[in-house]
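Below you'll find only one chain, the form predicted alone, shown as structure tokens.
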Amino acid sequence: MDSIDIEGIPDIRNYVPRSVKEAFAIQRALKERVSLENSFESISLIAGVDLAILKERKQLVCGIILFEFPELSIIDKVYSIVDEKFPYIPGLLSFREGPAIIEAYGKLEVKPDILILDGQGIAHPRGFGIACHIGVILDIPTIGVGKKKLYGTFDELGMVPGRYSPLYSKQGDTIGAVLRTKKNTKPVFVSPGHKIDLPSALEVVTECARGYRVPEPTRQADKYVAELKKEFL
């Protein structure tokens, strides 16, 4: 399946692809909607997302924490638990985790200016990671911050916090940045998802690095999800 009519899918937010080929086709179609231009004039609210698997229940739990920016004081916490409907397939994470994120996001009474996800944006083999998928589906600015490289090449960077190196595609395009957030720790991989450019994404993530490797919004979301997992297991 080379192409698909996205408009013909009545509920794309919760649609589960019937095959890997169909998932690839949906990614290609949605990729055409990605914008790498800032859609905001200022940032006052930011949110972090994380998920965990409830294996015995065959469900996913998603937690989202809303923060004031740049203070990063917590304003709200929401979560969702959804049934696992799509298997784990590298590069297709959004079809497995997306429904939980979308449901949790809908519970936020006040929406963030930017959503940070533990995963990739355009630094993805097909240029459409989970941060792109969620950004396009919800029509919001998103940033992907991965702990591991999924795709791309980069030059080694120094150990000083704040240093970064461009992340390049096979074609030589800049698709993200490898950022050192903490001394003597592995870097993180930053890439824009939707409605934000790379310099702004890098600036936001750098500002959110508060002495830890992972930026504070997703670090706190990870802790929140760990608590929820214990509660529901």
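Don't overthink the numbering: it's just position in the shown sequence, from 1. If you're wondering where the values come from, they're calculated on a predicted model, not measured in any experiment.
Same protein, other form: the form predicted together with the DNA, not shown, and the subject of what follows.
Novice: Given the stretches 67-75, 105-113, 120-128, 134-142, which is the single one in contact with the DNA in the predicted complex, using a heavy atom cutoff of 4.5 Å?
Specialist: That would be 120-128.
Novice: Would Ile26 sit within 4.5 Å of the DNA in the predicted complex, counting heavy atoms only?
Specialist: Contact with the DNA, no.
Novice: With the cut-off set at 4.5 Å between non-hydrogen atoms, does Pro90 touch the DNA in the predicted complex?
Specialist: Yes, contact at 4.5 Å.
Novice: Residue-level contact is defined here as any heavy atom of the residue lying within 4.5 Å of the DNA in the predicted complex; does Pro99 satisfy this criterion?
Specialist: Although the DNA is absent here, Pro99 would stay clear of it in the predicted complex, with no heavy atoms inside 4.5 Å.
Novice: Do Leu36 and the DNA share at least one heavy atom pair within 4.5 Å in the predicted complex?
Specialist: Close contact is absent here: in the predicted complex, Leu36 is far from the DNA, nothing within 4.5 Å, heavy atoms only.
Novice: Taking the DNA in the predicted complex as the reference, which of Ile196, Leu51, Ile46, Val190 has a non-hydrogen atom within 4.5 Å?
Specialist: Of the listed residues, the single hit is Leu51.
Novice: Select from 124-163 the residues with a non-hydrogen atom within 4.5 Å of the DNA in the predicted complex and write them out in sequence order.
Specialist: In sequence order, His124, Gly129, Ile130, Gly146, Lys147, Lys148, Lys149, Leu150 come within 4.5 Å of the partner.
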